[in-house]
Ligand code: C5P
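Here we start with a single chain on its own, the form predicted alone, put down as structure tokens.
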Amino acid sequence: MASSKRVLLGITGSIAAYRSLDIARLLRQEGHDIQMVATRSALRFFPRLNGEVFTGHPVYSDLFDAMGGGVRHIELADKSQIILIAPASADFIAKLALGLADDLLSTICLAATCPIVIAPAMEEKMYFHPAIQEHLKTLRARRVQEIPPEKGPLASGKEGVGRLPSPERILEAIQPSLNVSDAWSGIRVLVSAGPTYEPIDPVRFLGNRSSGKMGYALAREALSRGAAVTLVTGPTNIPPPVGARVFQIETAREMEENMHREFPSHDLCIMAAAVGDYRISSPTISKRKKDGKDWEILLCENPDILSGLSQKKKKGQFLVGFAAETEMEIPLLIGKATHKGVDILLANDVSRSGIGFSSDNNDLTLVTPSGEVLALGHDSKQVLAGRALDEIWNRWKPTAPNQVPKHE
């Protein structure tokens, strides 16, 4: 069980507000202290008394009530270790993005320094409205994390995207934030994940089978240890880790640009993305139509991002690479670690069934340029992420726990 956290559960004006009771129940079962704050509209759908029984605390709503002589929104913001707004209505998402603060919940969010997570719930047309999508983009840039809505029956009786995720899915999404320790406090970790896509024409691309699961697992594990995490990710179907700063890219050159920009300000870099080795020399502007003839496409090499980062590495920085192989030849892996200029290379055999691309499991082997070889074993990617970070820490050995290595 995770150590107890103080969770502020915000409830806004959605018909899904009643499901906040199940979210509170699950969080209480995990041992967390839950403080509910409801907007005025939420109280039309949410049973306030039930919430107080479920949590053992008053359900606050009024901004102007006194709170033991203090300022209510400041005290609640300061006491919260994570703010979860579930459901988050279209109105509240807009308010949060614009920095408006005209009720208790919005003022708490404006005053908070802890992670904020939102779980939208609304009709599909509302969720995909350009204004809401723009507001969500703004919030992501501010490191507010979204747990995307699910597809299912909506209040209108229609089927569509906009249903509040299940309480179990919400708990799973915020679990890394609830498990945070301070072992890596002050350490800045940069992780790349997922595939890259190279356009052939407006509808076709050259890509690979990477799911991004290993890179996301490493990002979640670093977050759970208290690190500040930046994730540069190719296209995946995985919700961004709560608390991470996320940059979404598609091509290898976009990956290169983002990694080189972020690398100097980070202490540890883990290059877990499966970057395509080649791109299309001249993508066509319009879709090529079938004409009964063969189509020859010229490929050119993409930049070697990992080697490029190693040339920029400063004293105190630690660089980790990944190698997806179909033949695990240790001498070649050691040579690759040396050639790439990494401190550690983590390799896996993607030709084996049940591990590697798209699987929840993996089998990692750690090698170093000095010739050290260590099998991390066959396990879930999340478990292996923990083992990998343990081995990285043991070999990196920053100046002291909770102290950022010097690499000015």
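Throughout, we count residues from 1 along the sequence that is shown. Computed from a predicted model, the values in this text were never measured in an experiment.
Not on display, but discussed next: the form predicted in complex with the named molecule.
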Self-check item: Single option in Ala273, Ile85, Leu105, Leu231 placed near the named molecule in the model of the complex, where near means a heavy atom within 4.5 Å
Solution: Ala273
Quiz prompt | Among the candidates Ile305, Val189, Val117, Ala121, the residue which, in the model of the complex, approaches the named molecule to within 4.5 Å (heavy atoms) | solution = Ile305
Quiz item: Picking from 265-273, 160-168, 215-223, 279-287, which part of the chain touches the named molecule in the model of the complex when contact means heavy atoms within 4.5 Å?
Solution: 265-273
Quiz prompt | in the model of the complex, Arg48 touching the named molecule (heavy atom, 4.5 Å) | solution = no
Self-check item: Touches the named molecule in the model of the complex: Trp184 (any heavy atom, 4.5 Å)
Solution: no
Exercise. May I ask you to check whether Glu325 falls inside a 4.5 Å heavy atom distance of the named molecule in the model of the complex?
Key: yes
Quiz item: Do His378 and the named molecule come within 4.5 Å of each other in the model of the complex, heavy atoms counted?
Solution: no
